[in-house]
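Same protein, same chain, two forms; see structure 1 and structure 2 below, as structure tokens.
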Structure 1
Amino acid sequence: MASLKSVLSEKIPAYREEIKGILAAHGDKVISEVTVAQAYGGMRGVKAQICDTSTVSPETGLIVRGIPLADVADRSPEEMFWLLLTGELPDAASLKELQDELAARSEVPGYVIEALRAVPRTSHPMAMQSMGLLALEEGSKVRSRYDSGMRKEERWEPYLEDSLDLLAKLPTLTAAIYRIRYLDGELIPRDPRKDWSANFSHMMGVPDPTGNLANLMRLYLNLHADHESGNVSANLAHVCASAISDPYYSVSAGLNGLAGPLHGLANQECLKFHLSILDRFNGLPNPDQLKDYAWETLNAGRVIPGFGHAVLRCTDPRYVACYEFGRKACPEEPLFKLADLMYQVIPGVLKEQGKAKNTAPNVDALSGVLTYALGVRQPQFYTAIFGVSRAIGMCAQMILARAVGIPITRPKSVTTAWIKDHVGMK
């Protein structure tokens, strides 16, 4: 048995040396070029940042520390956090120690709950989640250690401490948001017999007679944890933490990006899209009706949520894991049947339109469908569930970045006048 901190303490010196060696021998080698189109196009495909927790292969999807997602999809989110950070899965005793540690740190101070109660019930759960983390910042060990003069090599330690606190409290905070925002505001205490994700669904208090919702949350919180570092939420958190803003500020920044409809909010948008279809056709449409509806959406200048991806050029393996889950847990649900029909119809429509580079579904095409089918009927809340999970990856990435002393992010921007001059335009 080992603690996460002791494993990291052992591994970090070698990791630092490895990077030092690469930089000394190959620091001047070119790994990417940037075209004018990429500079105007969201930097798509520009390789200019290191992320060792995971990588996204366009052809096969997420690979976590060299392991295809499908091979670790059945692990717990706590195991995923350990794997992202250390490159190994914990043994049973080490996992138990991490889980006990998270349990011991899970209480959210009363003033934070009061702050959540103070905002209007029309506030978006993502705004409340981000705000809740900022309220928790008061307890940051990064900030207090920095104020008392911490050495640069030590920075990863309080980042780990804050991350453990933050991750321990985030399910409590987010379940409280659910109960304040949608129910009677009575909070449910955590159950000491349950682990991190089981407690999250327990504290939300949605009836779960089959246990399927708890199982879905375990899968969901594992699958969404990390997706390398160029995506909006991870990138925002990374950039924010590069200024030695602590994990509360940095994860909050990441959550603010996750709240966008082209990123994390897509699960909410996707579910709304599914519900609108069932509503329009008073049940399942036939394939032709669905095709017409999809064209109507595209012709109105809107995207089809849950399809396409900035990096992936295949069916998202997270979608596949959700599909397998749904096939067992709720195969007869009209929403699940509709998702299946969309899988058959939408790629063809997008191909015919000829714009999207990837016409296959991403995880958002199913995650909301399953969450709704298993009893969480408030689509606006879904991105907050995603946030609980994505915080795992954001924290892992910023701990490692501090461990190897990645400096403050500061790419160079250029003006349109500079571009015109550079390419020889008058």
Structure 2
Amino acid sequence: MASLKSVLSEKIPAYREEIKGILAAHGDKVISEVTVAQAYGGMRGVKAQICDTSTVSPETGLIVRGIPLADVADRSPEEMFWLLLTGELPDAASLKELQDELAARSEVPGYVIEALRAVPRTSHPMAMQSMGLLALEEGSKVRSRYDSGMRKEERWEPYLEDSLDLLAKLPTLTAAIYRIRYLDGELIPRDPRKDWSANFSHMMGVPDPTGNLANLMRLYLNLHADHESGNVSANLAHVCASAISDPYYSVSAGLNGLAGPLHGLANQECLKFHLSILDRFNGLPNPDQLKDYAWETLNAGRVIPGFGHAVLRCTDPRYVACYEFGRKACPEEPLFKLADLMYQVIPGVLKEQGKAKNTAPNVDALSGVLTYALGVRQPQFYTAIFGVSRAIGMCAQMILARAVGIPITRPKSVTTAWIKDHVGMK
């Protein structure tokens, strides 16, 4: 049995030496060129930072530490965190030690809960989640170690400590937000017999007689943990942490980006679309009706949410994992039946239209549908669930970045006048 810190202590010197060797031998090699369109277009496709935790292959989907996501989709979020950091899955004893450590750190101080109770009940769950993390910052080991003085090579250690505290408390904090925001405000204590993700759904208090919701949360929190470092939430957390802002500040920054409608709200928008179809046809449409409705949507200048992806050119493996779960857990649920029908009909419509580079469904086409079908009927809360998961990847990335000494992020900006001069415009 080995602790996560001891495993990292053994691996980090090799990480550092590998990167030093690459920089010494190839530091002047060019890995990307930037076009004017990319500079104005959100830097899409510009290779400008390193992420060793995961990569997204357009042809196969998410690959975690060299392992296709499909091969680790059935693992727990705790195992995913270990894998992201070390490149290996923990043995049973090491996993148990990590789970016990998270359980021991999981209590949220009362003043944080009172702060959540003090905001209006109309507050967005994401604002409450971000605020709660910032309230927890008072206990940051990074801040106290930095104030007392520490070497650059040691920074990863308090980042690991803060990350373990943050990840341990985040399900407790987020479940409290659910109870305060939507229900009676009475909190449910964690169950010492349950693991990290099962306790999250337990503390939310949503009836779960079959256990399917707890199983869905385990799958959801695992699948959404990491997705490279260029997406808005991961990138914001990375940039913030590069200034040696501690994980509470940095994950809060990432959550604030996740809250944007163009990022973390996608599964909510997909659910709305599904519910609108069931409402339109007073139940499940037949394939021809769905095809006509899809064309009506496209001809009105709207998109069909949940299909296509900015990077992927294949069916999202996260969608496949959710589909297989739904087929076993809730095959007769109208929402799942509709999602299944859309999987059969929508790609053909999009191919006929000819505009989409990828017509396959992505994970958002099912994650919100399954969450709603299994009892969480507050779609506005779904991004907060996403945040619990995405914090795993944010924390793993910033720990490794501090371990190998990635400096502060500071790209150079140029003016439109500079662009015009550079391309020869008068």
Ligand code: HAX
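Reference numbering: structure 1, starting with residue 1. Between two forms, the rigid core is defined as the largest C-alpha subset superposing within 1.5 Å. What you see is a predicted model, and the numbers here were worked out from it, not measured in a lab.
Participant: Two forms of the same chain here; which is the form predicted on its own?
Facilitator: Answer to the question: structure 2 is the form predicted on its own, whereas structure 1 comes from elsewhere.
Participant: After the core is overlaid between structure 1 and structure 2, has the C-alpha of residue 49 moved by 2 angstroms or more?
Facilitator: After core superposition, the C-alpha of residue 49 moves less than 2 Å between structure 1 and structure 2.
Participant: Core-aligned, does residue 102 move its Cα 2 Å or more between structure 1 and structure 2?
Facilitator: The answer is no, as the C-alpha of residue 102 shifts between structure 1 and structure 2 by less than 2 Å after core alignment.
Participant: With the core lined up, does the C-alpha of residue 354 move 2 Å or more between structure 1 and structure 2?
Facilitator: Yes, shifts by 2 Å or more.
Participant: Core-aligned, what's the Cα displacement of residue 285 between structure 1 and structure 2 in Å?
Facilitator: Superposing on the rigid core gives a C-alpha shift of 3.0 Å for residue 285.
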